[in-house]
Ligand code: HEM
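Only one chain is shown below, in structure tokens, and it's the form predicted alone.
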């Protein structure tokens, strides 16, 4: 794919050709393409504006930098001002530009640069920035208590949770996804820098090797257990399913959330060494799929329909009653589905020689109370995989709808 550097983009912009917001091309923002077909955009640039925020059904990029922040001011005007500044910066960075023109080296030598500079000469790398509002933002600081959606209810305590408060919660979240890790890190770093004095980072997580596909154009990736993950995920090419399971509809709650979604983040440590000592047969029984092909047990190919009722020679179901894919299936959850968008992570070792590694699970859903929560209750109580995983972080955010070319993130909330 053609690489478009920030330097090249600036040159094109100078010639009077506006690339940002020009529309969707192959591999570009499907969020926007689904709602408003437009002219072609340059490769590697995902349109920022649209009905929904980019970074939800956009084809999942290879790298993630996720940050949860606390708001340190009680001044509503300062918070709104910050959201405007963040939006302007995001418009430029997702188009492959510096935070401000001449940001890294073009300003006054006696002042800090307006861009940190580590992404100079790098392509846009399909960068998307997605923002969310946590339940704690709706306390008495900013006059938002009456606008808190009922669906933004605090997540219940699930069986076997071992949550670290230092990896949980937050007033705001920023999800940066890109095909170059430095581009994603640059984006979050600069938004955090702009927020100095108004916000501070509560916790963050880097991810690599997307653990789900959000488009039929992508192959199903493997997680750190070596299995294809998210074969039955919702896909961008199915707008009817997205409308049913991902996008908040008018009438679902407060008007400001129409067109938005709800993001659930769960840091799941995987006990790699224990899994690696488990037999292949047992691994496949736990997951409910063949490790090589990804096919559901009893079937031959990855995308063959899952049949929870097919039995083996002994009459017992081939997909065990405590298998992961059975408990997470829509058939087992009264039709509930979610859009998964997680990433693998390895944060070194834990001091006793074990990998501090796992899945940073992210999902988007229309109402967590009827989708994610019943799914997680079933998994945490019955899934045999729980012997090999440990949930160590958790957060929920309301993701507002997309922005117009003159709007800002959260404009409908603060109107």
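These figures come from a predicted structure and were not determined experimentally. Numbering follows the first chain given and starts at 1.
In what follows, reference is made to the form predicted together with this ligand, a form of this protein that is not presented.
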property	result
Interface stretch in the predicted complex with this ligand - options 109-117, 239-247, 336-344, 77-85, non-hydrogen atom within 4.5 Å	336-344
Exercise: residue 359 in contact with this ligand in the predicted complex, heavy atom 4.5 Å	yes
Distance check, residue 232 to this ligand in the predicted complex, heavy atom within 4.5 Å	yes
Touches this ligand in the predicted complex: residue 325 (any heavy atom, 4.5 Å)	yes
Residue 228 within 4.5 Å of this ligand in the predicted complex, heavy atoms	yes
Complete contact of 287, 306 and 329 with this ligand in the predicted complex (any heavy atom, 4.5 Å)	yes
In the predicted complex, the one of 223, 299, 179, 97 near this ligand [non-hydrogen atom within 4.5 angstroms]	223
Residues from 380-397 in contact with this ligand (non-hydrogen atom within 4.5 Å) in the predicted complex	385, 389, 391
